[in-house]
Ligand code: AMP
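In structure tokens, one chain follows: the form predicted on its own.
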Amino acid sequence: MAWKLTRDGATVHVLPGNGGIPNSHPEISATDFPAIQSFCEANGVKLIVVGPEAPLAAGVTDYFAGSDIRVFGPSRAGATLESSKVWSKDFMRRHGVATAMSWQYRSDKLEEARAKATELDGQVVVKYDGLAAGKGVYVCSSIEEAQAALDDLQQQHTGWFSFLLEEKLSGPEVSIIGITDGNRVRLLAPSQDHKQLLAGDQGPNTGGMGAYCPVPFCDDNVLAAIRTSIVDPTLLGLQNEQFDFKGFLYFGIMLTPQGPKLLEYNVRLGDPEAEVLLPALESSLLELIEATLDGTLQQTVVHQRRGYYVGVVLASGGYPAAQFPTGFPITGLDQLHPSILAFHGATRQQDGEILTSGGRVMVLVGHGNELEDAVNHVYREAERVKFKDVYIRTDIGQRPEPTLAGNW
């Protein structure tokens, strides 16, 4: 986001930022609203564009309401679409958004949930109700996996909590992300994330191991079905419930034989989808944001660049476990082809070196006229970047193209 907004002509500061983003300020937390306000006033900042979900859920937009500092992001009430899976599912039901069947439970009803998972032969998705950095979802294919997921949920969260069991759907997934003022939406290119750690969509869920856009099989007919059954009912719901929602809205969608079904909302740009969507966006993101806040979004048109963009995550060995070693020097960034974009995630600077500081260290993005060209280019260049125990999923953008069939 900082890269794109800078290219659009903005002077950008990033709080807290990281070791690879210019004008980062690691001393300021994204949820320390008084410190953010002081920084904005001292530096003449008039616009805050929110990246992560935590400050939105904590009410950053509400905090600055009425001030001369504008915030691009929904209110705390609007952010509930992401911050509570239970509330979000109820919203989908209320407004006729196509989605999976689900059953809501509290932690004191865990045995009932175990019985339901067994009744469904373990073909369920377990979802923790609150924010979990993209890792609160367990996709299960057997009774044993479902019981293990419920065990893990119990171990991860002490005290009272709520969660969902959902019917397990089948089909390819796509991410549709738009910019909305709550009445209209401007959609970016369809993209596809790769959530599982291992090639072939195996292993544990992660925050995302890579993404690409656009998605070849997500044609005009598919997009029209998504618009009718998911996007339009969502916009009507936002209007009926009178949310103050001016920001990004992410639709995680599965294309089932019965048609598109919504898996989840996010109230921000997806990651790692953003790292391919923003390079693919020819239009000015800054102008789209300002139009949203000014009430002129209906006058805008989104233009996309030609070709395909593929982003590959370089992760720390041991991710996504709760603990793994970090602090390793990163080398080879100066050897990358000039067309490769290196977007830092979990990095920090120390004594002139860039060090790893978390799980998903960075995303490398390549472009090509064809999807295969972009895939080959980015993987060839990724071999140049080194740090201890670096892990890269090997099949981003290489899933077999599905055959979409069914009662659409």
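Counting begins at 1, following the sequence as shown. Source: prediction; values computed, not measured.
Beyond what is shown, the protein has a form predicted in complex with this ligand; the following relates to that form.
Novice: Heavy atom within 4.5 Å of this ligand in the predicted bound form: which of Val137, Val231, Cys218, Ile179 fits that? Just give me the one.
Specialist: It is Val137 that has a heavy atom within 4.5 Å of the partner.
Novice: Glu173, Asp151, Asp90, Glu112: which sits within 4.5 Å of this ligand in the predicted bound form by any heavy atom?
Specialist: After the contact test, the surviving option is Glu173.
Novice: So in the predicted bound form, are Leu188, Lys246 and Leu278 all sitting within 4.5 Å of this ligand, heavy atoms only?
Specialist: No, the candidate spot makes no contact with this ligand.
Novice: Tell me the stretch among 307-315, 325-333, 114-122, 263-271 that has any heavy atom within 4.5 angstroms of this ligand in the predicted bound form.
Specialist: After filtering at 4.5 Å, what remains is 263-271.
Novice: Answer with yes or no whether Asn205 is in contact with this ligand in the predicted bound form, where contact means some heavy atom within 4.5 Å.
Specialist: Asn205: contacts this ligand in the predicted bound form.
Novice: Contact between Lys168 and this ligand in the predicted bound form at 4.5 Å, heavy atoms?
Specialist: Lys168 belongs to the contact set for this ligand.
Novice: Can you tell me if Met254 lies within 4.5 angstroms of this ligand in the predicted bound form, counting non-hydrogen atoms only?
Specialist: Met254 belongs to the contact set for this ligand.
Novice: Just checking whether Leu286 would be counted as a contact of this ligand in the predicted bound form - the rule being heavy atoms within 4.5 angstroms.
Specialist: Looking in the predicted bound form, residue contacts with this ligand do not include Leu286, since no heavy atom lies within 4.5 Å.
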